[in-house]
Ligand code: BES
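In structure tokens, one chain follows: the form predicted alone.
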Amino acid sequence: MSISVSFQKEHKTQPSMIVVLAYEGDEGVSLQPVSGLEASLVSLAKRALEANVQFKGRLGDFISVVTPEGSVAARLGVLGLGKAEALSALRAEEAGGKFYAALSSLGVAGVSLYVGDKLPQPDLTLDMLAASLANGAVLRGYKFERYKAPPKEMLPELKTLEVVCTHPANAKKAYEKLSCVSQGVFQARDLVNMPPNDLYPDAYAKIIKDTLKPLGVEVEIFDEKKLQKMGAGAMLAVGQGSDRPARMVVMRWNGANKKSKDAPLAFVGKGVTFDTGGISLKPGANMDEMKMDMGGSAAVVGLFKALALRKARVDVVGVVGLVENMPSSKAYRPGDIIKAYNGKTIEVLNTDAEGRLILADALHYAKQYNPELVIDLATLTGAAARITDYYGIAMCADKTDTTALKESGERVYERLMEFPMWREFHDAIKSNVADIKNIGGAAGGNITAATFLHHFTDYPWIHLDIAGPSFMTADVDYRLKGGTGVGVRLLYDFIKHTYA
């Protein structure tokens, strides 16, 4: 189900509900000034606020009342935006997500949302407020139902959202920019939510090609023969236990000026389409969630879709390693020593520490593009997942600056906490029988994993462990249970503000 969004100077449809906005204040709730709405409905909204003492105008607060017979809509709603001075595009998206959730229980199919005429917040325009409210509702309205039969009976769902605003053309333009990124988020969510019997390495690679190539993205698929020829021994080792062999997919978006000699950005993603842990088998409880262990690669694919839809003026390379980690007589074992693409040998102590092996080869492959910066994303460690669901963990070496990336995280609410990579953690992955080993002990597991990856990077590099926020067990604002698509908005914002 998709929501049809339009922007109008006055309402054109016959909506089920008209909605106005309100703010939280020290002296009570105040309505957003609205012209063009009949005075009787404005008076009704004020009376509803006076009668409902529980409505404080906080962000996402929502009430609705039945309108008198003969009104343009059967119901009138009031949506709270919180304190005016705290309002931002991000908080407007959060309000839009809460708004959609509130409507879901009312069975409202069509809404006219009046943004109003004056905004008591100089840092946000009415156009961006209109666009952000709509985008938040659309993000929350995402559903993954391709495997479900349509229910016989259900409440009507929001199908049309008409945003009434002063400059609809400007608001529409702002929304279309946001929508391109949201489509990238939906792509990533779809991939993470797909079942592993349908999303395995070869099928995943074909989906990437079929999705991105028509948008102008160059896509190259490396099968197991090509991977063997190039010597990607770490990636191949992880996938050898499965009957579904590994793939590596390389994506290129060449959006910069053709005369530009700037080095590209590179994004590398972990794509374990299902992770049993291999011979180091995971516990059975919640193993079904291990279909999400390709969330880093999904973020990269979603980013490329967003960049292509926006025709972003930047050159970007994407590399994703796709494997299925299965136990079998062919599987790699604890005690094996394998050789990575860069020639380093790795002692395998735990086959469930497989993501770093895939990234090792993918990161080294990215080197050939002489990238200005490489960012990898991975649902890499349980250590990171146990810390929190609310932010990703960033790590880097050689004083690579993470400031701009963390600022993007704050703008789009995909926040990052930076962890150190002190020299003591380098000692933890030293091996007696190989160059390095693939685990470093219980302490600082997310840091030793990043330290391992650093052996395969000799360029500016940032590692993002998104094991916590990539998959949620409950809905929050515009983020939904299941695959969240985390990373797409973060990286797009980072590119937009830093490079494009």
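Residue numbers run from 1 along the displayed sequence. On a predicted model such as this, the values are computed, not experimentally measured, just so you know.
Quick note: we don't show the form predicted in complex with the named molecule, though the next part is all about it.
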property	result
Proximity of residue 354 to the named molecule in the model of the complex, heavy atoms at 4.5 Å	yes
Partner contact for residue 275 in the model of the complex: the named molecule, 4.5 angstroms, heavy atom	yes
Residue contact check: residue 382 to the named molecule in the model of the complex, 4.5 Å heavy atom	yes
Non-hydrogen atom contact residue 436 with the named molecule in the model of the complex at 4.5 angstroms	no
Contact segment among 275-283, 97-105, 187-195, 239-247, judged by heavy atoms lying within 4.5 Å of the named molecule in the model of the complex	275-283
Contact check for 290, 293 and 350 against the named molecule in the model of the complex, heavy atom at 4.5 Å	yes
Partner-contacting position among 467, 453, 447, 45 - heavy atom within 4.5 Å of the named molecule in the model of the complex	467
